[in-house]
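A lone chain, given as structure tokens: the form predicted alone.
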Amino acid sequence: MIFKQDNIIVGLEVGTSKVCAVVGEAGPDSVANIVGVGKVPSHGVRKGEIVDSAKAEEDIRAAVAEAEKSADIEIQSVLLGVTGNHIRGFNNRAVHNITSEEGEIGEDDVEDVMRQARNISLPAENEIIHAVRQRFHVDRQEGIVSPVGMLGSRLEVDVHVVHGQRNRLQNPIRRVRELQLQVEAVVFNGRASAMSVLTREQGEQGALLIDLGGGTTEFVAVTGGNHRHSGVLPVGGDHVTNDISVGLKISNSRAEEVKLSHGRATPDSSVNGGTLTFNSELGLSDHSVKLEHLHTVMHARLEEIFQLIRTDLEPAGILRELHGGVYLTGGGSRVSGITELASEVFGMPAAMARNQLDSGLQEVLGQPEYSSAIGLVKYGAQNLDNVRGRGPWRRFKNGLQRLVGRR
């Protein structure tokens, strides 16, 4: 099949356990069709950040090549997902006084107040990744969706700002550029995953999206349809595997197998007394472990992850606004009983999320580990003109977006 190059969007996730490139074609109404995928094990990334540039670059090259073969296209540019525990989010409000003679709010006023919202005092080494518009206020009237054409003397806007350390963000950008690929935009993985799996209705009701990756866990709270809270924990599914390896005295590879085949996030009384027996490794005698012990080890780590997220959310008072519940995605969510544990910790319904794109490769759309990369494609499809410098964002791109064009 031949695709129009202008409509091709590639989401690239450089993760701890995998590097994957998902290829999408932007169609009518900003809907993307997934047409290709490339995935390889990751060797140069730890806790979501590059620790071995050469290995990371080689993995990116391999994933992109596989995606090109899958979609039968030549990839020229990507939307790059980023994560790491240096990434932070907070809410900000900006104010702009209307100076027109009749007091009518125009497009220039909206641009001015959004520019002010981005003009934030951050540590010198940090850059803004996103300044996500929430709601406008006109003369203290709240909940304005579009103020253009309204009369007022004071225009305010609430935004959610996501930022991170410049050099740590630049590391994956440089690795991609070394492969002669353009980075069209940089997107926080948590935001991409939320765009991939949360419906408009869930976002309006208030939902918490938790993406359990290999080395990190991203979480995003959406209330009233607005991105309200972001966070990253430097802990993920690989840590659960390591705990099993240490606690049960088995190899990491075998611990991963056991986690997926017999693991459980909550204790199960029906397995009390049950055991698993492993064939010998490296000439050692056969080894038996109690299923109850396995579940206890996994429960402790996963409960800790959820408790850390709850602790982060509580000061902002967002938990009481999450009427839609908790949604889980990412490869680390492939654990029996994990929704029950999340429901117990957060005190609200929890469910496995599903990707909201229905068009394209079902082997990709149906897998939780692809949520972030699919979300990158969806982000690109919904913001195609802005991402490619044809929309209004070109007037006030933030520092990080300017940096993607530099070596």
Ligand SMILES: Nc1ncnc2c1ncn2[C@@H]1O[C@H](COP(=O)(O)OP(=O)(O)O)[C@@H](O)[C@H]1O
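The model shown is predicted, which means the values in this text are computed figures rather than measured ones. When you see a residue number, it is the position in the sequence shown, counting from 1.
There is also a form predicted in complex with the named molecule; it is not shown, and the following applies to it.
Residue contact check for residue 335: one or more of its heavy atoms lie within 4.5 Å of the named molecule in the predicted complex. Though the partner is left out of this view, residue 212 does reach within 4.5 Å of the named molecule in the predicted complex, counting heavy atoms only. Taking the partner from elsewhere, residue 260 is found to have a heavy atom lying within 4.5 Å of the named molecule in the predicted complex. Not displayed here, the named molecule is approached by residue 237 to within 4.5 Å at the level of heavy atoms in the predicted complex. Listed stretches are 137-145, 178-186, 237-245, 150-158; the contact stretch with the named molecule in the predicted complex is 237-245, by a heavy atom cutoff of 4.5 Å. Using a 4.5 Å cut-off on any heavy atom, the residues of 7-22 that reach the named molecule in the predicted complex are, in sequence order, 13, 15, 16, 17, 18.
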